[in-house]
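The chain that follows stands alone, in the form predicted on its own, written as structure tokens.
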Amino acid sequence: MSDFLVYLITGLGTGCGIALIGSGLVLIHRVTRVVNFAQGTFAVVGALTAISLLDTGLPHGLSEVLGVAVAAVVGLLVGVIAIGRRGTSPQAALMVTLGLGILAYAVEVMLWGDQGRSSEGLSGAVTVFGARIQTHYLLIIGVTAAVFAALAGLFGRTDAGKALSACSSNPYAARVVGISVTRMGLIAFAIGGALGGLAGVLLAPMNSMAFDSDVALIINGFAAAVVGSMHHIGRTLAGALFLGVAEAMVAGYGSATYQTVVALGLVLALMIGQAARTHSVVAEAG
């Protein structure tokens, strides 16, 4: 029982990090229709920036906030290059983000080297039904819950959120009423950068971060985003938590070598099931 609880909480913490990356993908795609393959890069940049600042003597909290801010700026720059030119198609912008992600490898190696680095997380542990749970995983879960509550408030209660949703639903109508679709897209990229950077600084104490750590992050984040149909942030969260818990259970009760393969296989099965149900509903409606 204690092992199960440890794997469960560990998986939920990891899933929360995946959810932050996946939600950034969904947010950017909702507003711009662009699949941002540089999303994992934001996590790496945020994490390595925070680690570097900690090494200079800056305190925890401030270092992580600055790391997230740098990732947001990088997200904005990626957005300017990818969609800043009016008339750029989503397919072309997708290729731009992929190229920028590859270019980021060279920059990251130049700045931080090619070896993985990690930081100290929130120290201590709590005992739950006999299971020792690292406090940092509870921090990840709490911060992620607050972020998703803030996203719900942003889209449901603010004018900026409604403008972002309008660009997603009907870009032409948004332009007619005076909303700058390009500006909203750049805001989406900046928020996506911040979400990726936050995932990076939260996961860095648990997983060493290197220039190529974005590969696993974007694969997991994209899988969660696809569960959410690249549109629903809540479903993306659910998919990410399922993925994180599945990986933790496979690693705990089986072998860590197969955790990603098995977990992604389960997500694929879930997506096939969703597609089958959707096809059935459409057929009945027809």
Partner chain sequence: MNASQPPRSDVVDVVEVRDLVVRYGAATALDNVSLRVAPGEMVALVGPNGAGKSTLVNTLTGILTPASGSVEVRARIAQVPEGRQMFGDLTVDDNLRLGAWQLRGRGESRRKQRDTSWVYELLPDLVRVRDRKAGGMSGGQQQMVAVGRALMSRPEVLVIDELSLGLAPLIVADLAEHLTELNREQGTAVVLIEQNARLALDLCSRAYVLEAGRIAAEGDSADLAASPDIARAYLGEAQALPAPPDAQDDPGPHDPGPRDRAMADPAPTPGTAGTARGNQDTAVQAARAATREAK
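Positions refer to the first chain, counted from 1. Owing to the predicted nature of the structure, the values given are computational and were not obtained by experimental measurement.
There is another form of this protein, the form predicted in complex with its partner chain, and it is not shown here; the text below is about that form.
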{"query": "Stretch in contact in the predicted complex with its partner chain, which is absent here, among 95-103, 194-202, 177-185, 132-140 (heavy atoms within 4.5 Å)", "finding": "177-185"}
{"query": "In the predicted complex, the residue from 210, 166, 73, 122 that sits within 4.5 Å of its partner chain by heavy atoms", "finding": "166"}
{"query": "Selected contact from 115, 170, 127, 89, since only one has a non-hydrogen atom within 4.5 angstroms of its partner chain in the predicted complex", "finding": "170"}
{"query": "Its partner chain contact at residue 160 in the predicted complex, heavy atom, 4.5 Å", "finding": "yes"}
{"query": "Those residues of 213-241 which, in the predicted complex, come within 4.5 Å of its partner chain by heavy atom", "finding": "231"}
